[in-house]
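Structure 1 and structure 2 below are two forms of the same protein chain, each written out on its own as structure tokens.
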Structure 1
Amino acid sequence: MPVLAFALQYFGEKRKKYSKKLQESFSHYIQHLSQIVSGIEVVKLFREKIFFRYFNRINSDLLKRQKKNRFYETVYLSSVEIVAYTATAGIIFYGGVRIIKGEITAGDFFSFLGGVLILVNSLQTLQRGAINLKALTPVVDRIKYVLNLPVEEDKGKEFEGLKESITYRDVSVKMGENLLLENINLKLKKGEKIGIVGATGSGKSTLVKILPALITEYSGEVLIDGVELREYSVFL
């Protein structure tokens, strides 16, 4: 029992570790395939080898982690089998010696041996279930993480349409260490048409995404008819 408990603890943690890594690799794998399919025109127009070289690297990483995961599962199950049947063989040898010495009868011994074999089979089933449960722990943690994400609340002032103007006042947006927008001041009147021009990555999309509250982490103020954008409800 102590040996089986140690094997469960050691190999269970290994299965848990590589099961988590395997889920991450699957995520990258599916994401890359989705990007290739959705952007097939770009793939065909440019050098396909670049995309497939990256795909091969992701695929190799997935295969490596899958092999590690299966390796520890196989070694664990083999160790359980070896320990269980080695212990059974020891019991048979010890029981045979005691029968020869006349300390117990053959009937008593085989009755005891039958109970031991039932116990061994039950323990093996329990151990397999426990190791699979360990492997599923990262999946369950990921599901719980997604289910526990904060839900946007329907609160704030209801937006009834633009009446006068939209004003950006000292608006800045920072993502990590990157400053996407810095101290933007802009006023747009209702019915006015403007064009936003700039190099790729200069913050054009970020500037627009603030209005429908797709980006809420900004400093400064975005005023719609004099009311700060964050005071409006995000639900239509």
Structure 2
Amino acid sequence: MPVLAFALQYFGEKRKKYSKKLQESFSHYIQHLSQIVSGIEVVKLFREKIFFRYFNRINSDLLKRQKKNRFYETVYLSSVEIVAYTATAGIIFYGGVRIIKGEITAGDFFSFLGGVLILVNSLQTLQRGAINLKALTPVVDRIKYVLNLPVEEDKGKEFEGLKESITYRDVSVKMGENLLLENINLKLKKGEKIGIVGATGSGKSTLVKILPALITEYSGEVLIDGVELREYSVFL
């Protein structure tokens, strides 16, 4: 049992470590794959080779980590078998000697051996469970991590549709050093259609992106029926 406990400790840690790495590789792999699929036009426009060279690297990483995982699992499980059966062989030898010496009867010995074999079986099941549990810890940690990611704060009031007008008052948007919009003043009545004209990069999209809260860092005021945009909930 001490040998088995040591094996569990040693290989359990290894499994934990590589199971975590495997998780990371796998998420990397899925991420890249979904990026290739969703961005297939971009992939085709540029040189496909670049994307696939990177993909190949991720893939071989994944393979390496899979192998490590399997390796430690297999070595561990076989070491448990070897220890268990060596111990059983030792017991049979020792018992046999005592039967020959006449210290115990064959019946005594075989009922003892029967017990030992049942114990060995249960121990193996226990060990297999324990090592799988170790390998699963990083998975659970990862799930917990994702579940505990901060949620977008939302204390605002519900938006119930535009009634009268949207007003931009001295709206400026600054990103880093760049001033994307500067002191924009605008009044739009409900149902009114306007055109926004400007060179590429002049800030047309930025102006519009403020409304659905895709951009939240602006100065000045955006009033929806007189209520500042930031006071609304971002969820519909």
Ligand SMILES: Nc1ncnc2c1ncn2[C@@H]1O[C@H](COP(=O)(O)OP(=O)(O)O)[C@@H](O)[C@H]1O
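Quick note, the numbers are simply positions in structure 1, starting from 1. Remember, predicted model here, so these are calculated numbers, not experimental data. Heads up, when I say rigid core I mean the largest set of C-alphas that superpose within 1.5 Å between the two forms.
Matching each structure to its source, the form predicted together with this ligand turns out to be structure 2. Once the rigid core is overlaid between structures 1 and 2, S165 counts among the residues whose Cα shifts by 2 Å or more. Core-superposed comparison between structures 1 and 2: the CA of T206 exceeds or equals a 2 Å shift.
For G12, a C-alpha deviation below 2 angstroms is recorded between structures 1 and 2 after rigid-core alignment. In the core-aligned comparison between structures 1 and 2, the Cα atom of G220 sits 12.2 Å away from its counterpart.
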